[in-house]
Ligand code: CMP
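The chain below stands alone and is given in structure tokens; this is the form predicted alone.
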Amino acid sequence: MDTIALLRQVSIFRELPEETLADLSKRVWQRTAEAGSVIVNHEEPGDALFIISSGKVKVVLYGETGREIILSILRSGAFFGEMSLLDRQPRSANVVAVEESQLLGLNRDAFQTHLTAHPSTALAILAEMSRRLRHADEVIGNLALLDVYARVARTIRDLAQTQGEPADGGLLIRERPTQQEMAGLIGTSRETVSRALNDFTRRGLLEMNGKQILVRWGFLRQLDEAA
């Protein structure tokens, strides 16, 4: 697949004019990240933005005891590293490849040159950064106000709304995060996530089959009513 087609798959670039994508495609370079490899390190200087053309990465911080705190999990079509390009500050977190991932990179000088000629790209990136900030505010509120089962339920709902496909009786998530990844996202243990998922399944709110989860409409309605 050519670079323009790859960029067209990224949600923030999807509506950009063809000439804008053509200019951007000439400035990016490709990189493969093996599963488990660190793509960027926390506190290192940031000089490139990365776009995921395939694969999955996690954005993480590590506590003093080595505990992993997952800030987000990003898949094909997402991007990261833009903050350091804009504010010239060190990286705010580590990014690790969960599985082999193909990346497109864009260096700071190429990024700034492109934005000068094509400001529509800047507007698209700012809109996505605003969405992420709103989501971060919601996550912080959930951690402070909700019990663990409610945080697991909200995470499942968010996945269903962003990745779910209509299916018989609900929304189907084809590739859910692992229980360990969900635990890192909501600040609890894998065992607690397992208990919550099993409880929701026993009550008929979820159906789990391997990496797939069918989120029943009743589960989503209950969360909407509780909001």
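Just so it is clear, the model here is predicted, and its values are computed rather than measured. Numbers follow the displayed sequence, beginning with 1.
The same protein also exists as the form predicted together with this ligand; that form is not shown, yet it is the one meant from here on.
I'd like to know whether Val59 contacts this ligand in the predicted complex, with contact meaning heavy atoms within 4.5 angstroms. Contact with this ligand, yes.
So in the predicted complex, is this ligand close enough to Arg75 to count as touching (4.5 Å, heavy atoms)? Although this ligand is absent here, Arg75 would stay clear of it in the predicted complex, with no heavy atoms inside 4.5 Å.
Residue-level contact is defined here as any heavy atom of the residue lying within 4.5 Å of this ligand in the predicted complex; does Ser84 satisfy this criterion? Output for Ser84 is yes: heavy atoms within 4.5 Å of this ligand.
Would Val152 count as a contact of this ligand in the predicted complex, using a 4.5 angstroms cut-off between non-hydrogen atoms? Val152 lies outside the contact set for this ligand.
Within 4.5 angstroms, counting heavy atoms, which one of the listed stretches 111-119, 152-160, 97-105, 67-75 is next to this ligand in the predicted complex? Correct option: 67-75.
Using a 4.5 Å cut on heavy atoms, which of Leu185, Ile173, Leu197, Val40 is close to this ligand in the predicted complex? Only one option qualifies, and that one is Val40.
Every residue of Phe80, Ser92 and Arg132 near this ligand in the predicted complex, heavy atom within 4.5 Å: Affirmative, all three are within 4.5 Å.
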